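Below you will find one chain, with nothing else, as structure tokens; this is the form predicted on its own, and questions on how it binds or moves follow later.
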């Protein structure tokens, strides 16, 4: 019998892995043929629109739904109080809370029905200023959520050569998914089919089936998600609006499509919470950091009345590093704002934005080049899995690509005239371990291969990568591999979160492929009188000791009339996957000191992630991260009105995202020595989005000589910081 080692081929033998391969669904998406949940329009589909509350805090005194039911085309109205044990206790805690849904033959008729609903509210006090710790304390909206100490900070500060104290912050942003949350629900008897915009194909059927408003067997629910227009951590749940669509479809005997409108999407479908802090950090005469003292606060939106609000995890401060002496205190603020959800690398962007800016200010106070300052301290990492030598190598690569040595200067010496230039850097880390998953691999007698898994492609190239893994394993062109994902009726796979998908799908498919290949080698050995353990597959042929034995298709015919099926599982500690990645980012900016406008000149990202399955899609993940990072660094933020408690820029016009002219030159370099390849596959989607905020903020400080303490660095905040520095 053929005994094949479970592992990846030597790097030099790969025909597809690590190459730049276009994603298989690219043409479908570019041509508009890809069908998202919002595109499903089966015969008789009805359309739902939502009534939401425009108060930050209120109780419903009365509600009249009858008028809506009489509107032309309206087929039904769903009262969201059905989700409560006590409908009279419906208290609204943030702007955008859903009150009711109207289902009609046409979307505009549903909108007319929403306008016909009459609601009387009792408006209550609200608090939405998550930056205002003093005000929150006075209104009894705070609670301590952590206080940790290590070493003797007071003594370290007394002995330090340089001590810096500063205030830093990063505002809340929303997920801003191009495709809003929603679904198309259709019943056939007792079977429910849901086309759902989700990151969790295998995990949401039970949420529908288990709802008291639905109450069917989980086996009767089919979840379908062939394509998704963004999720970023916000689309793991069925949510109340998903349950509503299923209930109304059942009651009305017709399919129902319910997608959130843009304003509601921004208000209630998830956000990355804020973080603000007062930080003291110190170093010795050589620039080695000796003490960290911080108090930070923020809000994840509304929590239970008797519970403190949430904020950034205290255990991860200071970010990336673990200094010998450190104090950390965290305070949560309970605000009348929409709920937080995981947003691409939670909560690392906030951690990095507060940590790496404070460290950069300390470097400036010590009169040191920021890069040399980081080199001096890179061995003080917080996790043993992180490798200082990898960071050092990435520092060298990034510095060369940006020309750090030629462009760095002491703070405030960014050139003559109104426009000043500067450079900044930041570093990050992430886990990226593979999630639990299974798959079924079929090898057909004609040589084609299929894979089945209840996973999802959230835009990262999952289909493409599975196909490349199997093509490489069997030595066949990717065109001979068909990847089937996007439904819970396939073998169970994990949700796409935490950068776990690439390891979660590549490991099981590689294991199943190797097992299937071993079975085929046994058949070839018997047919052609060769030893099974001498066989290999490549270039569409089966080889023995460098000599061709037969074609792949001839080998596949030996299977017989039916397909060979093998199941793959993961994760397994066999070297196919691993964890822990890091990266270095450096950026050059130009700041107009008369207008406050910050322009990205050049942005360099050097990223490690183990074995790269598809170099093209890997780079795409980093490019996308840099663009998202520029967005939250320069313009993107949720703006709450303290007077009304409303989210006042919840639209595509005023929720400022960057355009092509705002991006600048982006350079992505994947760190790929053989030592990385040998680590196996590690998730990449999230880590590159962590460091842009700190890197850009540091570059601005280097340019103008003044720290703009809070992200995003809007023109007004830049001008205010300059004015304050002038007294």
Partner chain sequence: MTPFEYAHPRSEAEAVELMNEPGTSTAVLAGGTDLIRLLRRDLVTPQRVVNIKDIPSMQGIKPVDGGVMIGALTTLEDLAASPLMSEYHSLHHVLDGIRAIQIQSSGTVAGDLCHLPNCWYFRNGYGLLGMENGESLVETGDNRYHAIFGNRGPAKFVSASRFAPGMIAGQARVRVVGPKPDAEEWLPLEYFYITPKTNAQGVTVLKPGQLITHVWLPGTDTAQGKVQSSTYEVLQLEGLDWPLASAAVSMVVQSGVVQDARIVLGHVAPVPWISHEASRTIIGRRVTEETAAAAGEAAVASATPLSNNGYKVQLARTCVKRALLRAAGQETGGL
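Note that the structure is predicted; figures quoted are calculated from it, not measured. Numbering follows the first chain given and starts at 1.
Quick note: we don't show the form predicted in complex with its partner chain, though the next part is all about it.
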So in the model of the complex, are 133, 147 and 308 all sitting within 4.5 Å of its partner chain, heavy atoms only?
-> no
Any non-hydrogen atom of residue 661 within 4.5 angstroms of its partner chain in the model of the complex = yes
Does any heavy atom of residue 316 come within 4.5 Å of a heavy atom of its partner chain in the model of the complex?
-> no
May I ask you to check whether residue 124 falls inside a 4.5 Å heavy atom distance of its partner chain in the model of the complex?
-> no
For residue 637, is any heavy atom within 4.5 Å of its partner chain in the model of the complex, or not?
-> yes
Would you kindly say which of 529, 654, 562, 383 lies with a heavy atom within 4.5 Å of its partner chain in the model of the complex?
-> 654
Let me know the one among 326, 646, 175, 75 whose heavy atoms come within 4.5 Å of its partner chain in the model of the complex, would you?
-> 646
Pick from 386-394, 107-115, 562-570, 344-352: which stretch has a heavy atom within 4.5 Å of its partner chain in the model of the complex?
-> 107-115
Within 4.5 Å of its partner chain in the model of the complex: residues from 388-422 (heavy atom criterion) = 418, 419
